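There is one chain below, alone, in C-alpha cells, taken in the form predicted alone.
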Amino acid sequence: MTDAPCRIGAGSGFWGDMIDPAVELANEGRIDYLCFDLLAELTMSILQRRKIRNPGAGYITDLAPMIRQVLPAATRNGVKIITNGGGANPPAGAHAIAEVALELGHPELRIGVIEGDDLTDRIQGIRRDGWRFANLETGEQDIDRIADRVVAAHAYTGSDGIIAALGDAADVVLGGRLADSALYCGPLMHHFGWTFTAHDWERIGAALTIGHVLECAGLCSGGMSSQWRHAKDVWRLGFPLAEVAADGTATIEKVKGSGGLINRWTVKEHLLYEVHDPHSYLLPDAIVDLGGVRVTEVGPDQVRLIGMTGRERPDTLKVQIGYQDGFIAESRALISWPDALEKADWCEELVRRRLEYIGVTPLEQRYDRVGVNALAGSAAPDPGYEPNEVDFRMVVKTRTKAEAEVARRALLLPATAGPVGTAFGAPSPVREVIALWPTLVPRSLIDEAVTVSSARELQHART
C-alpha cells in the first residue's frame, strides 16, 4: 500500500492481439502492472469444449507465446502481469507459464492462480436449491428450454482474487472469467490499499472507469476510431497506459514516439463503449457512474480523467451460459457484372428451392450481398448503380450436423448451376453453434480459491 502514483498498462484487448506494443510498454512505459484481457463472451464456451476433449487444454493458446515475449522485459523492470488468459483451465495455463519461466531462467517467478468462476457442473444443483437462471435479454425465467444443451457456465468475477494473489507477492496473476475492468481495478486496489468499504467506493469507481478505458488496448489509442485519419503509424500502434494518483484521478498516455493517437475523442469513444447506462454501469467490483467524468487534453497523447465515481457493488454477478444451438453451413460465390444483383437474387432463389427439394428445413437462413446489404439487411437502400461484382454469402442453420452437411452441398449450386462466370471456393466446414444465455447468480454462490506458487514448485507438482 502506498500513496505513490501507479502506472498500469494495457497488454492486449482480445485473444490474437498484437504483442509488440505490450513488450514496448514493459520496456519503456515505466509501468508497475501490465494487464492482458484475452476473453470475449463466447470464448469461455469454446475453451470449455477444448478442456472436455483434453484436460490439459482450455486456456488461451496465445498465453505461453505471449509470456515468452514479454517476460524478459517484465522481470527486468519489475512489471507484474495480470491476465484472464487462464480461460476455462487456469491451473493448466499456470503450468504453461511455469514452463516458459523455467525455459527463460526464472524458476522463482511467482504465479498466482484464481479459480471459482466455473459453474458448469453446479447448474442443476443451484436450480434444485431454488435459484432460477432468468435470461437478461429474452425475459425467460429459467433454462428449461436449453437445460439439456448447456456446455459451459462461467461467472464474471471481480478483483478479490487478484488482490489476494498480489498480496502473496505474485509476479503473474492468472484467472478465468475475470471481468475485463477487474484486471485493472485489482492492481490499483492492491497498490493503494483500497477496500470494499464505504470509504473507498468512489475510488473503486474511478479504478473501474480507468480500466474500462484501457481494457481494449489499442481501441483507446487510435484503433477502431473516428480519429483514424489523424492516428499516425497505426501499423506500430502504441497501447495505452494510465498514471493513477491516490485520489483516483488519472492521465491516459502511451509510450512517446509510438504509433496511434490518444486525445479526448479516442478516450470518450471508449468511455461509452459497451455501456448501456452511463450513470449505472454494473460491474462485479462496483456500480460505476460515468456521468460526471471530465476528459481534458493536457499534452500530446495525454488525456486527464477526473470526476469518476462509483457506489457499492451489486449482490449478483453476471453469468454467461453457453449452450449448443444447432449447426451452420456457409459458403460464398463471387458473381460478376453484368446484372450482378439480379444474378444474386436468382442464386438465392436457386438455393432456397434446392433446400426445399431435398427436404432440409433450416432453423434460419440468410443471403447477403456483401458491399450492398450485408450489414444493413433489408434496411439497406437500393445502391442505385450496377456493381462490378457481388460477393454473395449464403448461411444455413440447422438442428443437426447431418442436415448441415446436406445443406453445405446445396450451397455449391450458384457456381455449378448458376449464371455463367460465377466464381467460388469450397464451402466452409460445418460448424457447431454455441449460443449464449446471459443471466445472474447471487455473489454468495461464487467461492474463489487463490494459490501462489513458484514456477519451480509448479514443475515439481506436475512431475
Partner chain sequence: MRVHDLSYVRSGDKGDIANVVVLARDADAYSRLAQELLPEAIAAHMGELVQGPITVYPMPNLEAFQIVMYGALGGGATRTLRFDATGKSMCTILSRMPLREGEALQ
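Numbering follows the first chain given and starts at 1. Remember, predicted model here, so these are calculated numbers, not experimental data.
Here the subject shifts to the form predicted in complex with its partner chain, a form of this protein not shown in this document.
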Since exactly one of 369, 313, 332, 106 fits, which has a heavy atom within 4.5 Å of its partner chain in the predicted bound form? 332
Check each of 198, 298, 169, 376 and return the one that places a heavy atom within 4.5 angstroms of its partner chain in the predicted bound form. 376
Based on heavy atom distances of 4.5 Å or less, which listed stretch (74-82, 343-351, 87-95, 270-278) is in contact with its partner chain in the predicted bound form? 270-278
Can residue 386 be called a contact residue for its partner chain in the predicted bound form at 4.5 Å between heavy atoms? no
Contact with its partner chain in the predicted bound form for residue 365, defined as at least one heavy atom pair within 4.5 Å: yes or no? yes
Using a 4.5 Å heavy atom cut-off, state whether residue 193 contacts its partner chain in the predicted bound form. no
In the predicted bound form, residue 361 touching its partner chain (heavy atom, 4.5 Å): no
Going by its partner chain in the predicted bound form, which residues of 310-340 come within 4.5 Å of it through any heavy atom? 318, 325, 328, 332
